[in-house]
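A lone chain, given as structure tokens: the form predicted on its own.
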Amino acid sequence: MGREGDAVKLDPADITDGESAQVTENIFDTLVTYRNSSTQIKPDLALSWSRSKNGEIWIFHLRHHVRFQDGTKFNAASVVFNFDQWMNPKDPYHKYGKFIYWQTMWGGFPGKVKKVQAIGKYTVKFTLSQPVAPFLKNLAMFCFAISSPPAVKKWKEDYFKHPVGTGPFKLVLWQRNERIVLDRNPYYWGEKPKIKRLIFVPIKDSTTRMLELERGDIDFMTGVNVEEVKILKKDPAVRVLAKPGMNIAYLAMNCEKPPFNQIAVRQAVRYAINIKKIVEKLYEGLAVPAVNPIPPMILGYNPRLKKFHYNPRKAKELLAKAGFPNGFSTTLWYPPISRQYIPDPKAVAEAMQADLRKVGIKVKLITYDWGSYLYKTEMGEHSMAILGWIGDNGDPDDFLYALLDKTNAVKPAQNIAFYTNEKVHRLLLQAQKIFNPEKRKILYQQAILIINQDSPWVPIAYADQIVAFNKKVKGFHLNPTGMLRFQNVEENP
């Protein structure tokens, strides 16, 4: 599989990027998981579960006869060990990771998960501090996969180089920036993978990836450049798979850094950038301009939300109102590699730079290697930064709470706009506690109205998911989460 970049880490609980998660998804299992082409929940390491009437107690009954890839037996104690490590700062192994996703989804410690207990050899009890409507969908996310406790204890801070899970493949080699090699896991509890070996190769240049696919040097590629879709569709040996993605690309303005601490400046930037033209020109029909901070298939999307249409005159008026009649100078960061939600980040950044120049905002473009880019934006070093999000579980909480709630504006932050609004915070917390979808929808739409007015982002696009592979590859399913699982893939002669 040829892809845009290398993994950053291979500990699923300690990563935030898709390049890493694409690999760990094939090494690890979670308690519950998603069906092949949806975010519907099905059993994984847990066979069945139940919850109390108030939604604060959950009981999971685990599979028997499951082994980790190091031969260790999986049981309830394994689950408790993992959750204790992620959630409890006093746990002796907590110091070996940042566990940003835990903070993002559960609010740290003590957060929404009060206690995880083994109440039987294969039975686990979760005690929550409040009902959590997307609880099961959260548990299915790649970041809550279960690691081998002996492996974590053995490798400590280096565990991310030596991951051990219960999934269909096991790590046998990681040569940084060259290849990651996974072999079929002989201990796997489910249907054995049909392929013996799975190799992830970082090939930064999209054209090179395409040529290697056409030559047969690789079997599968991600990060298909939009210009290359037409070329690949003409190749009789290649299949291109595209479907609307559960994603968003956005430009985050750092609300902690002047002048972006002013709503008028942020709104001016939105009016100054011709998003419609950028999407038409650079996505070539494989995306639609974004307006909401969530994609259209997510609960709470508001089709009647006020649009910030391209209006340079309005942008200049707002800048003058904010005290910048002649504009100002700033920086705009862009990712170094293509992503599902933004195939050509540099071209998008250059288009934004040109638009902003017209209203007096002088922009210097900056990028870093992928790992550094993620870390530096999480630490708030940027003024403006392009990034995006692929929904992890199909729930609005995973977009709005993760990316725009004040809880997650704490460094290292997922909310890289460092946007805080108390009313939005209350609405998002209230929505987490309600299981009725219609009531949740109303709350999310109210929150989105406020976010849209405050303008911490310039929403850019909802892009199609696109992968391409040799037609001899069979059995692959494209999941809305963007996760690529190769357990059922086979290679026909």
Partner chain sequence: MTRYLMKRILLLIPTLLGVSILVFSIIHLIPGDPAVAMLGQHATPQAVARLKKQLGLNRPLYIQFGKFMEGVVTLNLGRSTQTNEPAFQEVLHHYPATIELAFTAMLIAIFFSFSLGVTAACFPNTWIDYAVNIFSLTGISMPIFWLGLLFLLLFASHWRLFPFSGRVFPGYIFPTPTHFYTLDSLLTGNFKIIKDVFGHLFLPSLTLSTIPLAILTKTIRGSLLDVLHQEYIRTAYAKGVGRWKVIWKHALKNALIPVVTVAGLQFGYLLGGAILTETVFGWPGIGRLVVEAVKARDYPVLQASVLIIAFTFVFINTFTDFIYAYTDPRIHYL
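Numbering follows the first chain given and starts at 1. The term rigid core refers to the maximal set of C-alpha atoms that superpose within 1.5 Å between the two forms. Because the structure is predicted, anything quoted here is derived from the model rather than measured.
Missing here is the form predicted together with the partner chain; even so, the following discussion is about that form.
Among 72, 88, 130, 208, the residue placing a heavy atom within 4.5 Å of the partner chain in the predicted complex is 208.
Though the partner chain is absent from this view, in the predicted complex it lies within 4.5 Å of a heavy atom of just one residue from 297, 199, 347, 231, which is 199. Using a 4.5 Å heavy atom cutoff, 175, 178 and 181 all lie near the partner chain in the predicted complex. Of the candidate stretches 214 to 222, 328 to 336, 354 to 362, 239 to 247, only 214 to 222 has residues with heavy atoms within 4.5 Å of the partner chain in the predicted complex.
Taking the partner from the other structure, the partner chain in the predicted complex has no heavy atom within 4.5 Å of any heavy atom of residue 84. In the predicted complex, none of the heavy atoms of residue 485 sits within 4.5 Å of a heavy atom of the partner chain. Taking non-hydrogen atoms only, residue 187 never approaches the partner chain to within 4.5 angstroms in the predicted complex. Though the partner is left out of this view, residue 375 does reach within 4.5 Å of the partner chain in the predicted complex, counting heavy atoms only. Along 154 to 168, a non-hydrogen atom within 4.5 Å of the partner chain in the predicted complex is carried by 157, 158, 160, 161, in order along the sequence.
Core-superposed comparison between the shown form and the other one: the CA of residue 413 exceeds or equals a 2 Å shift. Annotation: Cα of residue 235 displaced by less than 2 Å between the shown form and the other one, core superposition.
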